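As a starting point, one isolated chain is supplied in C-alpha cells, in the form predicted alone.
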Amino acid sequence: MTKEEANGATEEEQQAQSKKALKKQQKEAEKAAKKAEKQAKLAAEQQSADEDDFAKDRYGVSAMVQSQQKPDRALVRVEDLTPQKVDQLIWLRARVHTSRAKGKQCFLVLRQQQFNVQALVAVGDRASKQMVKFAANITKESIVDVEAMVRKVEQKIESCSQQDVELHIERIFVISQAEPRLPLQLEDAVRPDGDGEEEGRATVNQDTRLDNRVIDLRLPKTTTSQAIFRLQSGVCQLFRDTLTKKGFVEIQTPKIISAASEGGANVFTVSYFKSSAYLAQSPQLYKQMCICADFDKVFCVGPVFRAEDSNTHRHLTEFVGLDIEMAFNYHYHEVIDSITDTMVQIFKGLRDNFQTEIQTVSKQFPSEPFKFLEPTLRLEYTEALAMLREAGVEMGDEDDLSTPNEKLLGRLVKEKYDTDFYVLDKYPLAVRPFYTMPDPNNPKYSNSYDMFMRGEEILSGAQRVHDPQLLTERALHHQIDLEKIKSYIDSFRYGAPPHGGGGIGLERVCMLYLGLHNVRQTSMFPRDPKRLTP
C-alpha cells in the first residue's frame, strides 16, 4: 500500500468514527430530553398532588430534634393504652414494628419496648391517599410521633400486647428514620429456639445477635432480649436491698491494682505510667481490709476481670461480681447462712415480681421452673463424693470436681432432694487458694464451700485465714512470692476478726435461673477471648 492510500484509509476511518460519535451524542441528547420530560411530568404530577393533598401538613419527616422548641404536648405510653383511654385523642412516640398497606388503608404495629399496639391510617376526612402511601413506606424500626384517636376493637388483637384498643392515626411524623436494610430480620430473631430448623425458616445465630447488639436488645418482649436484662436488674436490686436490710455496707473497690489479687497468673496487665498494673480478678483484698477496719459486713457490685482463655458456655473475661464479706462470731456457717438466705430472697423476689419476664424467656428458651429449698440444702464434700461414686464416677478423696461431675451431681441432687440450689461444704484443702482456712478437725479438708444452681457453680467462698503467721505458712506451701502479697498479709497484723465471704457471678446466676445455655445471653456486651466489640 502506497503512502497516499494509507492516508486515505485513515481519513475514511476518522470520518466513520466521527459519524459514530455524532450518532452517540444524538442518542444521549434524546435520552436526556426524555428523562427531563419525564422528570418535569413527575414534578408537575407531584405539584398537582401536593395541591390536591389536603392532609399534606399532617404527615412528613420532621426536622432533626435539636432542642429547638418545647411543645406543650404530653406523650402517652403504649402500655397505658387501655379501654379507659377510648375516644381520647392522644400523642404517642414509638417505633414502627411492621406495616401493611391494603387498598386505601395501612395497618401499622407501633412498638415501645415490650409493648405494642395496632394503628390504622385510612383515607378519609383526616388522611389523604398520599398520607396512607407515606405511612406505608416508613421503614421498619423508624421512630414516629403520631396523633391518634383511641378506639375499642370488637375482636381482641392477639398479636399485640394492647389487645382491646387500636389507634386511628390523624397525624404521623417521622422523628428518626431507620435504614431500609436491617442487619437482622426481627421476625427471624424472635423465633422460638429450634423452630426455624424444623420448619426450614431462618433463625439468627448468637454471633450475629452480638455483632448487632443494639437491634437485638431492642427486640420486643416476644423474645428474651428485654426480659433478661430487666430480670438481671432485679437480681442486683434484690441483692442490694436484702444485704442492706441485714446491716451490710456497700463499698467500691479499685479495679487497677499493683499485684494479682488472688496470687494467680490469669490477670490482664496494663501499662501504668512507667510501670505495670493489673485489672482486679476479685475485690477480695479490699473486702477483707474493710473487715479489718471494723466495717463488720460489706458487699460490692462491680466488674471482675479474668484473663482465662476459656471459650466455654459459662466463662467471660469480664463479668459483674456480686461480692460479700462479713465478720462472724464463732463459726463460718454463719456466713453460709447469710449468703444462702440472700440468694433465697433473690429467688423469691424474682418468682414473685418477674413472672412476666420469666415466662417471656421460657417461650423462646423452654426450661423447668427453678426450684429451691428453705433452708438451703447443705452437703459435705464427702457426701457428694459418695453420691458420684455410687453413680459410677471414679474420684480420689482430694480430687476437685470436673465440670461434667458438677453437672452430674446437680442431677443427682435434684433427683434426691428436688432442689436446683444447694451448698457443697468442706472442700479438700489441696484444691483451694492459700488464704482458705484449714478444717481444724481434718487437715485434708477446709472451711470452704461452693454454691450451685442447676449443677453449675455460681459462688466460691470460704473462711479466710485471718492470722498473719498461718497465712504466711499457707502462702509458702503454695510457693507464692511473699513480697508480692506483703500488703495483703500486713493488713492482718493489727488484729483481724474471723471472717469469710464469697463472690457470685451475676451473669451466671441469671443464665442458670432462667435455664439458658450460654452466659453471653445474659451479658449485655459480652467479653470473651474472641470478642472485644461492640
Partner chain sequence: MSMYQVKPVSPDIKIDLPTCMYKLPNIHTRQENSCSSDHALQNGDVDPAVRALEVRQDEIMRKLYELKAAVEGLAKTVTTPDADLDVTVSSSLSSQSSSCDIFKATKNLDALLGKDLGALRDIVINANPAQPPLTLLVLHNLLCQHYRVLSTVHVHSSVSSVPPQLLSCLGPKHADSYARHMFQLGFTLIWKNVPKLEMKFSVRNMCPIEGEANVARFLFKLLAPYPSDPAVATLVDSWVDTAFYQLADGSAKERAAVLRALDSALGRGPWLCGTEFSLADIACYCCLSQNGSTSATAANVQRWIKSCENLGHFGPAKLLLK
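Please read these numbers as outputs of a predicted model, since none were measured by experiment. Positions refer to the first chain, counted from 1.
The same protein also has a form predicted together with the partner chain, omitted here; what follows describes it.
When you look in the predicted complex, the only residue of E415, D87, E179, D72 with a non-hydrogen atom within 4.5 Å of the partner chain is E415.
The partner is absent here, but in the predicted complex a heavy atom of F372, alone among F372, F134, F354, F319, sits within 4.5 Å of the partner chain.
None of 74-82, 148-156, 162-170, 330-338 except one has non-hydrogen atoms within 4.5 angstroms of the partner chain in the predicted complex; the exception is 330-338.
Heavy atoms of S362 never reach within 4.5 Å of the partner chain in the predicted complex, leaving it off the interface. For the chain shown alone, M395 is not a contact residue for the partner chain in the predicted complex, no non-hydrogen atom being within 4.5 angstroms.
Taking the partner from elsewhere, D125 is found to have every heavy atom lying beyond 4.5 Å of the partner chain in the predicted complex. Of the heavy atoms in E383, some are within 4.5 Å of the partner chain in the predicted complex. Taking the partner chain as positioned in the predicted complex, none of the residues of 60-78 brings a heavy atom within 4.5 Å of it.
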